[in-house]
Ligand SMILES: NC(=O)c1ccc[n+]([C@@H]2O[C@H](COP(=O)([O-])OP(=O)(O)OC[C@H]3O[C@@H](n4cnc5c(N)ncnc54)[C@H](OP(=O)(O)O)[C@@H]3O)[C@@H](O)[C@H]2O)c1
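Shown next as structure tokens: one chain only, the form predicted alone.
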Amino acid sequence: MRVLVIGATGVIGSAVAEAFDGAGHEVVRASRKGENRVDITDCASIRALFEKLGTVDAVVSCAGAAIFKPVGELTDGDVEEATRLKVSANIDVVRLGVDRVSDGGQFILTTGIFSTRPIAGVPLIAMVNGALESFVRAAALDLPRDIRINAVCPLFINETAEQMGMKGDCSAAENAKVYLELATGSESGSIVTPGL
């Protein structure tokens, strides 16, 4: 299987790319840095990536920035910016990538546990992850040519939590196994949380 991993230089994305590579799949790594550059907040950049790569069997997006702020500190532009960085960007990956995914191929997006188990300071993160999960459930009903779409809803990743001086729930490598399981399965429209 030829798998495009977007966000492949991040904590989650690099572990996902390694998991697919270790399972013998052809992995194409894309990020804002490196050989296959892409900025998923820019439709022209997404189009250029798909044009360069041609057909893939799976697109795994581990990209999307977050805004950590409590409600009382949100600015006028924060909601729009949070939506652009995570929801709109990943929806654009799917809508612009449909014609570049092989028949029976798939998309796997990344949401996050704060959609259902928030902590203080994450109302925007909870909102965008929940919105992306709703998109996945609905898009599964519309995609042509037996293309599937699912999302992984990671727990708080240890490596990320440590950078923030907090305690995590799951390593990036453990989390990456779920992406591989979804890719080799048959379900569509599912939101899967590792360990739950």
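What you see is a predicted model, and the numbers here were worked out from it, not measured in a lab. Don't overthink the numbering: it's just position in the shown sequence, from 1.
Unshown form predicted in complex with the named molecule; subsequent notes refer to it.
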In the predicted bound form, does residue 4 have a heavy atom within 4.5 Å of the named molecule? no
Would residue 39 sit within 4.5 Å of the named molecule in the predicted bound form, counting heavy atoms only? yes
I'd like to know whether residue 110 contacts the named molecule in the predicted bound form, with contact meaning heavy atoms within 4.5 angstroms. yes
Given that the named molecule is not shown alongside this chain, does residue 50 nevertheless sit within 4.5 Å of it in the predicted bound form, heavy atom to heavy atom? no
Pick from 147, 62, 58, 136: which has a non-hydrogen atom within 4.5 Å of the named molecule in the predicted bound form? 62
Applying a 4.5 angstroms cut-off on non-hydrogen atoms, the residues of 1-40 near the named molecule in the predicted bound form are 6, 7, 8, 9, 10, 11, 12, 13, 31, 32, 33, 38, 39, 40
